[in-house]
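Given as structure tokens, the chain that follows is alone and in the form predicted on its own.
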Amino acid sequence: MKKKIAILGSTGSIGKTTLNIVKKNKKDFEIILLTTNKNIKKILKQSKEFNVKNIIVTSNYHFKKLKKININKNLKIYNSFKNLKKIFKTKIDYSMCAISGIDGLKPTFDMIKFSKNIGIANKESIICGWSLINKEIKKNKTNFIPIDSEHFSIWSLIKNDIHKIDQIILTASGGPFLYKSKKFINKAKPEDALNHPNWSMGQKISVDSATMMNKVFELIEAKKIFNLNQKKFTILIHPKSYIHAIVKYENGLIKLLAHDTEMSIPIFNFFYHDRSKKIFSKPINLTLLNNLSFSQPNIKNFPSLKVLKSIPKNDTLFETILITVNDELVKSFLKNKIKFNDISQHLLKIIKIKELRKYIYKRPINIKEILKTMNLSKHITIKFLKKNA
């Protein structure tokens, strides 16, 4: 019997990779829903290729435009995730939540009740709203699997051994500036920061990799998902990005997980985690295994890591502030309005502003409160940037 699935954010990188896996295994899947914000040309093509009968286009302008040009009478087009009840009468087998940014939080939350298994590739959803998401997952008895390569690797290694963990190591490539001089980094342009040595990624996450803010976010994400003390986590530089996680157990055993820099591998294993299925992959790279080259990150080269000292023990609105401030600073850098080094320096200053400090120890009650905090953080960051222009 075919597995019924939904892909939220089907026109993005993770969404397209997911569809490539479905394409190679069409006999195993039936896609019930695809969604996009405004890429109507792409989602229309996807719906035809995979015979999908339901799509959601959240941009009102693009929704109206698609309604006018669509000639497929069997295709139902919706403008909001409020229509999920119309689409799903019973739980489907798998949902891939890959909408980028904070816009993915509410759809991810709403999709839980309609899913037997949910994969979340949206770090903002987990970082800002994990306490709400986790509660909804337990309430609906939905099986959750993280999709980011590091978190999927940790999940694969520990599974039922969560209380026997001594240490977890997250690996970081070091980004495009790992071997560059301070003089070069000081003058770095957006195109330099986007030139990642290993991964083909979007602009935002590529810059986060260069500052290593992505690893800060991944550590926060891992701390929440696996409900472990932050002290159990360590970040190591691993330029080849072949090892994605290392777990040391209390009994002295150490496990590590390696795979090529292909997001298709964790996504494939999300769908096939409960049964045997082979994916085409490259042979084991002995050259990489013989030259793993781990090292401690230099805090002087990656000042964003100082943020780790400020992370509260429990879930709070601090994470929403951190995500939002960083987003605005990266946008400003990509527009050549601030220097690369300003991203980290401004971030460390902005999160200490009095107007934001009062939210740092406040637990998020609902999604509305998270969005309110996001808007405030955005406003204060923009104000800061104008003042320091």
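Here the structure is a predicted model, which is why all the values come from computation and not from measurement. All residue numbers are counted from 1 along the displayed sequence.
What comes next is about the form predicted in complex with ligand NAD, which does not appear here.
Enquirer: Going by heavy atoms within 4.5 Å, which of 136 to 144, 224 to 232, 101 to 109, 166 to 174 lines up against ligand NAD in the predicted complex?
Expert: Partner-contacting stretch among the options: 101 to 109.
Enquirer: Going by a heavy atom distance of 4.5 Å, is S377 a contact of ligand NAD in the predicted complex?
Expert: Output for S377 is no: heavy atoms all beyond 4.5 Å of ligand NAD.
Enquirer: Might T320 be said to contact ligand NAD in the predicted complex, defining contact as any heavy atom within 4.5 Å?
Expert: Contact check for T320: no, nothing within 4.5 Å of ligand NAD in the predicted complex.
Enquirer: Please determine whether A210 contacts ligand NAD in the predicted complex, using a 4.5 Å cut-off between heavy atoms.
Expert: Contact check for A210: no, nothing within 4.5 Å of ligand NAD in the predicted complex.
Enquirer: Residue-level contact is defined here as any heavy atom of the residue lying within 4.5 Å of ligand NAD in the predicted complex; does P312 satisfy this criterion?
Expert: The answer is no: P312 has no heavy atom within 4.5 Å of ligand NAD.
Enquirer: Since exactly one of M201, I299, L289, I254 fits, which has a heavy atom within 4.5 Å of ligand NAD in the predicted complex?
Expert: Exactly one listed residue reaches within 4.5 Å, namely M201.
Enquirer: Heavy atom within 4.5 Å of ligand NAD in the predicted complex: which of I87, M263, L236, L194?
Expert: None of the others qualify; the residue that does is M263.
Enquirer: Is it the case that T11, N122 and D148 all touch ligand NAD in the predicted complex, with a non-hydrogen atom of each within 4.5 angstroms?
Expert: Per the other structure, all of T11, N122 and D148 touch ligand NAD.
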